[in-house]
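Quick setup: one chain, the form predicted alone, written in structure tokens, and binding and motion questions come after.
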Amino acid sequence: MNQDSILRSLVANNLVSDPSGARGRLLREAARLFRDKGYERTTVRDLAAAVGIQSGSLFHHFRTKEEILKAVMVETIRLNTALMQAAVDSAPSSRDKLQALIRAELESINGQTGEAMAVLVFEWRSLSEESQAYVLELRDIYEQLWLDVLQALRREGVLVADPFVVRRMLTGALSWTVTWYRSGGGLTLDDLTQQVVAMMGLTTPER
């Protein structure tokens, strides 16, 4: 299943908003504004102006500004989890699955959901405790994909380091690429993925 098919399936099941619809456009602009201005400094008027509607019209879709922030985070995690699950399912070996995860996360950080991913990291504390707990549940599912693959590599004797530590190190390293990686600069995301895999120094499994 390709990315478009995954997105259509999520939209059909009301798990994410249609990017071409009013709600989807609002969430996309909200992610951009929250990243550029910060959640606290972004007003309802800013959000409405970004999508060309009256401020009051926002509340046809969301009751509060915080609900918009939560939706940005929730829908981003749902979409990227589905994309990563599909990438893992289509990879034949544990090494291939790890490479697929790295490639998918690099795409999520530097591609179409990059702004929302940044909001997820930097505006976390702006959510209520209840909303944080819900987002954490979704995040745990996302993270378990990584841990399952890394633990399989550890069992196979390919990965020496602790899977939990490796994932935390990868989270920081991959997230930081948004500050320096530029598409069209001679290094593709596939190239970058290969570099990350090489840097991990995976061993040859014992026979």
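Residue indices: 1-based, along the sequence shown. In this text, all values refer to a predicted model and were calculated from it rather than measured experimentally.
Beyond what is shown, the protein has a form predicted in complex with another copy of the chain; the following relates to that form.
Gln195 belongs to the set of residues with a heavy atom inside 4.5 Å of another copy of the chain in the predicted bound form.
Although the partner is absent here, Ser131 lies well away from another copy of the chain in the predicted bound form, with no heavy atom inside 4.5 Å.
By the criterion of a heavy atom within 4.5 Å, Phe62 is excluded from the residues contacting another copy of the chain in the predicted bound form. Interface residue remark: Glu107 is not counted as part of the site for another copy of the chain in the predicted bound form, having no heavy atom within 4.5 Å.
Distance criterion of 4.5 Å from any heavy atom to another copy of the chain in the predicted bound form singles out Ala161 from the list Ala152, Ala161, Leu138, Ala50. Residues of 147-180 placing a heavy atom within 4.5 Å of another copy of the chain in the predicted bound form, in sequence order: Ala161, Asp162, Val165, Val166, Arg168, Met169, Thr171, Gly172, Ala173, Trp176, Thr177, Trp180.
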